[in-house]
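A single chain, nothing else alongside it, follows as structure tokens in the form predicted on its own.
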Amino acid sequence: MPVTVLVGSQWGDEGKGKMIDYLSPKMDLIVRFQGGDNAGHTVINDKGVFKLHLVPSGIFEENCTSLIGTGTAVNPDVLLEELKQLNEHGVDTDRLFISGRAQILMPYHRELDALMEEHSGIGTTKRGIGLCYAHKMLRKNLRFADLNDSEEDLRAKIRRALEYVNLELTAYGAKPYTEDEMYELLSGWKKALGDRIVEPVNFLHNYIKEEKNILFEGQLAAMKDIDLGIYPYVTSSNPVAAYAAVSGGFPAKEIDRVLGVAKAFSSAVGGGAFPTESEDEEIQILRGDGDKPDDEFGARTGRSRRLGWFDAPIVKYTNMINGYDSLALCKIDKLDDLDEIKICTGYLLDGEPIDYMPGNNALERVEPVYEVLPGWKSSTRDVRYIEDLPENAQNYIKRIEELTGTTIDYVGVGPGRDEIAIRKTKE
């Protein structure tokens, strides 16, 4: 079946928005399947530069439907602001829908997140995502389908949520919320978004039965996965390919293709292990000053990203988790001016080589083993086929393929939608 899942292969910020935008003309449905507005996908096209946090990056294709899926945590105010910005730029958003099973992120989730971050120091974006997912597991949340309940039923659900939430808030010395103010807020969201709410399982299965082209869009990446990443410096959901089926309510065997997206070097935001982080001038110069949309600053936070050389063990590990059919390697153009380029080929843990991915504490201690390749010292921006890239750039790509155990079918050579080199056999 024509179901593709696109996921990040490192720590996030790999260029997923660019690849989704590139693939979307061939898609009938694009589904955002996890996460919230704590990270963003940058899309650059003829309508402008967009940093999307909730709306699927395929929204720009007028013949493509977009669904904010069941596994997401959605702040309706953020969603409405994104829709407003898109509409102001002439983007038709009528084909955007929301799973009735998606979690509603409430103001108290954000407030509690900020209060907890003062004590934990995990490095969250304070957007309330973790608290929303925590309350989901405690069965204390409201979901989008609840917006279309009767007033009596909706108020009852608000009361049940506030009984618990207000205990948390008062424990921190914060002001509790009232039923009336929450009902007024939810009523406004119902008026603005109620017509977009759908029963997601049947909605999705209709596309699968008709063999429509479906793309599932993941947020962040496997190294930020709540179970498989650098815990506790992780997100609060599962940004891995298998979770598309879990949250979508369809058999995993229906997934036809898994596309990983990696950056030609490494970057991360927030705390946690980052083995190849480097202060080398060659790496730090890749950051830019923030004036360009593809400079190395977080799409959500604006925080300067931590930078390092390409870490092959990380992508090999995330390939084990996701099972990439192929990889998209973005931002290779950023390396065009380097004389030499390092690739991390393995780790030493306490002086001994290891052939597995350790947990965060041990990963903090590893010593990366590097291989140095010659640069290509020429622009790749106008190249549209991988076979036409400079020889040393092709050698760099081949070495990454060898080390990670997957095939690179797309290479990003610039921030724009069309600045991609593909294999001639993939036309």
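Treat the numbers as computed from the prediction; the structure is a model and nothing was measured. In case it trips you up, residue 1 is the first one in the sequence shown, and so on.
The same protein also exists as the form predicted in complex with guanosine-5'-diphosphate; that form is not shown, yet it is the one meant from here on.
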* From the candidate stretches 249 to 257, 146 to 154, 171 to 179, 333 to 341, select the single one in contact with guanosine-5'-diphosphate in the predicted complex, where contact means a heavy atom within 4.5 Å. => 333 to 341
* Structure fact -> Partner-free chain; cross-checking guanosine-5'-diphosphate in the predicted complex, the single residue of V366, L389, I44, L29 with a heavy atom within 4.5 Å is I44
* To do: Although guanosine-5'-diphosphate is absent from this view, report whether P107 comes within 4.5 Å of it in the predicted complex, heavy atoms only.
  => no
* If you check in the predicted complex, is E111 within 4.5 Å of guanosine-5'-diphosphate, heavy atoms only? -> no
* Asked: Is E14 close enough to touch guanosine-5'-diphosphate in the predicted complex, meaning at least one heavy atom pair within 4.5 Å?
  -> yes
* Does at least one non-hydrogen atom of P293 fall within 4.5 angstroms of guanosine-5'-diphosphate in the predicted complex? -> yes
* Stretch 389 to 414 - residues with a heavy atom within 4.5 Å of guanosine-5'-diphosphate in the predicted complex -> G412, V413, G414
